[in-house]
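The form predicted alone is given below as one chain in C-alpha cells.
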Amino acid sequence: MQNLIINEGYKKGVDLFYGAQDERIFTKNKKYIDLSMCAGSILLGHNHKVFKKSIAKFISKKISNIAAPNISAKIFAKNIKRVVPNSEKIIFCNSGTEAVIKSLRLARAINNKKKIALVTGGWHGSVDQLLYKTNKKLKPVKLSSGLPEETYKNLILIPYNNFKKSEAILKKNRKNISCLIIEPIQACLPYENVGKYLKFLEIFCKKNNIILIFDEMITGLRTNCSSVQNYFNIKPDLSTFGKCFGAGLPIGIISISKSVTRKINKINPKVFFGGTFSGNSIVTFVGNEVLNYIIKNKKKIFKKINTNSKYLQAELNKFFVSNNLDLKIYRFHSMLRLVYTKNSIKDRASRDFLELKKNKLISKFKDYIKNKNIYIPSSGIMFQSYSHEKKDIDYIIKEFKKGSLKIFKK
C-alpha cells in the first residue's frame, strides 16, 4: 500500500522510471523486463506502433479534447459492446475508482437501500465505501485514515469463494443490501476455479433484488478479448472496466445491463455521472483505435500472451515441486502471481496468513529479481503483454529458479 502523503516512487534513493518500449521500462541507468505493464493496463506493450499511430492520427485530424458529448465516445461505446455483449449502455469515467463510485451511486438510486456487500480480497481503487479489509471475524478493518463512520456501518463483508458463509451472511442481510460488488478474478490470487461461486452470487442477487456489480478493471479485455463474465457466462447488473480499454491512457467504464436499463427507464432516477474528462475525445479515440486492432488480431495476440503465461507458470511450478520449494505460481490467462507457499489456498486471507512469517525472505527475493533487471511491482501482480518474447520468458524463468533456490531452499 502506498504512503498516504508521498508516493513511494519519490522517496530518496529510489530509481525513477522515465521511459519504456515494448516489454521494457527504463531508469537512468538500467532497462528492466516489465512484469507490471502499467498495472495490467497495457496489453500490446509499451509504445506499441498502433498506440503511436493512433496518437498521430488524432493530432492530424485536429479533434482536440471536448468536454461534451462527442463522436469518438459514441463510436468507442458501440465497439465495447462487441466484446462485452452484456452491455446495454456505457458510461465513461476518468478512472476505475470513479467508475466504482458511480456504480455504487447508481445501485442505491435504483433500489433505495444503503448496505453494500463487499466480497473480501478484492481491490476496488481509492473508494471510501470499500477501503476496508477483513479480520478473522469478517469485520471491516480500515485501510486508510479519514474514512467517514457511515461507510463502516453500511458495509457487509462476505468471504471470497466460500459458499456456506457467503450464503448465511447474505440471507441474514438480504433485505437491506443495495448491491454486491466483487472482483471476480482477484489479483491477490488469480484463481480460476470460481465459476460456480460466481454463478451462486448471480442467482442469489437476482432473487433478492440486489444489484450485482462485477469489477473487471483488470480482467476486462485481457480475458481473451472479452471478460470474466463472458468466460463464465454470468450476467451481472453493472460492470466496471478500464485499464486495457484505455490502451495505457486513464479511463473508467460502467457497463449497464439490459435488465438494469429497463429499471432505470421505469423509475427515471436523477443520477449524476458528469466529469470534465469523462469520455473525452483523445482517450476514447485512441482506445477505440487500439481496440479495433486487438479485435482484428485477437487470435494471434491472445494465443501468444496466454501461451507464454502458461509456459512460465508450468516451468516454475514444476521446478518448485522438484526442489521441494514452498512456492507456487497462480495464473488466470495472462495475469500471474507468485505465492510464497505451496499449501492449498483459495483466498487472500489464507495467503496472507501463510506468507506472514516470510516477509524478510520475500523482500530478499524481490531485491534479487530486481537486480537481475526484472521489474515486479510492489503489488506482486505480474502481467504479460504481446511484446514479451519467448527469450524474455526463458530469462525470467532462469532467474526465478536461481533466486528461489538461493533464498528459499532450506
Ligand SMILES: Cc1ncc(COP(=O)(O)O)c(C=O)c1O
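Residues carry their position along the shown sequence, with the first being 1. Given the structure is predicted, the values throughout are model-derived calculations rather than measurements.
The same protein has a further form, the form predicted in complex with the named molecule, not shown here; the description that follows concerns it.
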{"property": "Segment that reaches the named molecule in the model of the complex - one of 283-291, 303-311, 91-99, 319-327, heavy atoms within 4.5 Å", "result": "91-99"}
{"property": "The single option of 263, 115, 124, 333 touching the named molecule in the model of the complex, heavy atom within 4.5 Å", "result": "124"}
{"property": "The unique member of 247, 180, 218, 254 whose heavy atoms fall within 4.5 Å of the named molecule in the model of the complex", "result": "218"}
{"property": "Residue 243: touches the named molecule in the model of the complex, heavy atom cutoff 4.5 angstroms", "result": "yes"}
